[in-house]
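Before any questions on binding or motion, here is one chain by itself as structure tokens, the form predicted on its own.
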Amino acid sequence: MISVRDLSFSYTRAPFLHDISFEVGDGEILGFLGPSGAGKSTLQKILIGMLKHYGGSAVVDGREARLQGGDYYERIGIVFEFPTLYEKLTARQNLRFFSSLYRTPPRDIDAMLEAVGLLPSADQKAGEYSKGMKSRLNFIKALLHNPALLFLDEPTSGLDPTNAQVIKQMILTERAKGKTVLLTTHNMQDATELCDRVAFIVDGELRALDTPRNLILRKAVSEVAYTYLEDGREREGVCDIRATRDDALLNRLIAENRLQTIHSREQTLGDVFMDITGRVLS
């Protein structure tokens, strides 16, 4: 679906993106993770045809991104981080208008509204919606014409956990239908749950590209943490997961049935990002 080779881009004389290469297959979710200003949004703008003066190659659906025509936008759906809606129109009117811009017959509008919990407020003006409601409306707007490729920029931003889970499940449903998804996010939990692979981008460079699991295991420092009571106070012990047999305290507590809690403790994707890039997401 997407093949990027030695991609570079500059807003001024100084390079902004440096020799980025990757591929995305049909039915894959690839996540771009990086701090603000890392180049994630610029990369997305190149792939959707907004920025054409780049070096290298960025082939999307068999054609160079800079050469894509109007029919390209019939096949892609875009969710920008900040909703693009007509605030004086109702939610239903917004969806009817945007669906009229495509040749493809739209999905059932009321069914889409119901899927994200907006059907009861479908005839309310978008300008009266909360931030989270606008985010949900903005998301389904990108799905109306049933695109084969989705570009999602922070799709769960501003959503409470329940509605964020609804959106994530809809993304996984689109992937199950064979859709390709490029996801830009600061949310490491979203990336871990959704992405088949993740790309770490810092200062315009691709620092790592692999599955979340492989990245975590590559840097894994797994421990066993346990708590117990001593002199009326709860205390904690920690040992390497590969050395539990050699931890005399742990084994004594097990023998004496004195453990309060015990669990494994692994690195998160955020820990791995910081280890590899030396940066934190912000």
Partner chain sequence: MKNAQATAPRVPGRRLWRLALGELGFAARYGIIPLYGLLTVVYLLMLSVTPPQSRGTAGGVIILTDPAAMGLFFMGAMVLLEKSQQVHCALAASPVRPWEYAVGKAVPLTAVGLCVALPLAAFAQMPLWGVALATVLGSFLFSMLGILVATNSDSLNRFLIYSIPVEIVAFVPAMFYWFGSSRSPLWLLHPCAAALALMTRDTGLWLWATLSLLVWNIAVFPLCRRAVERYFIRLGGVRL
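Here the structure is a predicted model, which is why all the values come from computation and not from measurement. Numbering follows the first chain given and starts at 1.
The next section is about a form of this same protein that is not shown, the form predicted together with the partner chain.
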_Can you tell me whether M50 touches the partner chain? I mean in the model of the complex, with a 4.5 angstroms heavy atom cut-off._
yes
*asked:* Quick check on L101: any heavy atom within 4.5 Å of the partner chain in the model of the complex?
replied: yes
*Might E74 be said to contact the partner chain in the model of the complex, defining contact as any heavy atom within 4.5 Å?*
yes
*Proximity of R207 to the partner chain in the model of the complex, heavy atoms at 4.5 Å*: no
*asked:* Looking at 84-92, 165-173, 182-190, 195-203, which stretch has residues with any non-hydrogen atom within 4.5 Å of the partner chain in the model of the complex?
replied: 84-92
*Taking K45, I78 and H145 as a possible spot, do all three reach the partner chain in the model of the complex with a heavy atom inside 4.5 Å?*
yes
*Out of D61, D247, E223, E28, which one falls within 4.5 Å of the partner chain in the model of the complex, going by heavy atoms?*
D61
*If you look in the model of the complex, which residues in 1-28 sit within 4.5 Å of the partner chain (heavy atoms)?*
M1, F9, Y11
